[in-house]
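Just the one chain here, the form predicted on its own, laid out as structure tokens.
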């Protein structure tokens, strides 16, 4: 079983990212909750909040055992007949106070499941950026970081995984992307196990390094009440995606995970009302979303 190896590696990733996020806000405090899963395993959930830069962040680790893999984990895979499984993952979300600093998300996961008498495994994960105000140079920095990561392993990874990300993080009912994208991969097992593991861990490292650089660049910028209101308004899109389309949310609920941890990714404050005229802000943002997908 490879799950023991992944458990150690992913636990370390969680701690590294917790430490890095706390460095983004010297006023931040963390609240850690350990929980157990009904069928076996459990997790460690960490919520981070501060009064300067980090309004809310969540860095969660889970490693659970189940008898039947939820349909959300098998969607569009064509996999059938999977029974007993181990699912281990780390998920991260950061909601800044400053609307000039973007929201960001990371997830890495590892599945091990039994098919008949055979055990199979695969990795998945990725990261994406959901800004409210962003420049072309910052958008390109984010995309180039992802491309550099992918090119270390396979020249074809970036185009494929960036396209996956663009298709996945899209709100059909709004007919708009959730953000500027990043990478998204699943069922990664066609390379050597150590290579797949290295790529997944490198994905987490690239995320926190790139995001920290963007965050530190933006966190002290001045902003207006109108810009803050626009941030809260656009956070509504994030909530809509997570509740309507996110497979991670569905998997957590379908597999009997801790509800509070599953929904910890939600922003602390959100608004669907337009207290101001946001047309100029929205046009610029959607233009950048479209540019990121070219």
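Numbering follows the first chain given and starts at 1. Keep in mind that what you see is a predicted model, and the values were worked out from it rather than measured.
Keep in mind that the form predicted together with another copy of the chain is not shown, yet the notes after this line are about it.
Taking 222, 155, 117, 173 one by one, only a single residue has any non-hydrogen atom within 4.5 Å of another copy of the chain in the model of the complex, and it is 173. Although the partner is absent here, residue 37 sits far enough away that none of its heavy atoms falls within 4.5 Å of another copy of the chain in the model of the complex.
The shortest heavy atom separation between residue 32 and another copy of the chain in the model of the complex exceeds 4.5 Å. Looking at residue 19, you'd find every heavy atom of it more than 4.5 angstroms from another copy of the chain in the model of the complex. Another copy of the chain in the model of the complex is not approached by residue 65, whose heavy atoms all lie more than 4.5 angstroms from it. The three residues 56, 239 and 250 all sit with a heavy atom within 4.5 Å of another copy of the chain in the model of the complex. Across the options 57 to 65, 38 to 46, 255 to 263, 22 to 30, residues that bring heavy atoms within 4.5 Å of another copy of the chain in the model of the complex belong to 255 to 263. Shown here without another copy of the chain, the chain has 250, 253, 259, 260, 263, 266, 267, 268, 269, 270, 271, 272, 273, 275 in 247 to 283 lying with a heavy atom within 4.5 Å of that partner in the model of the complex.
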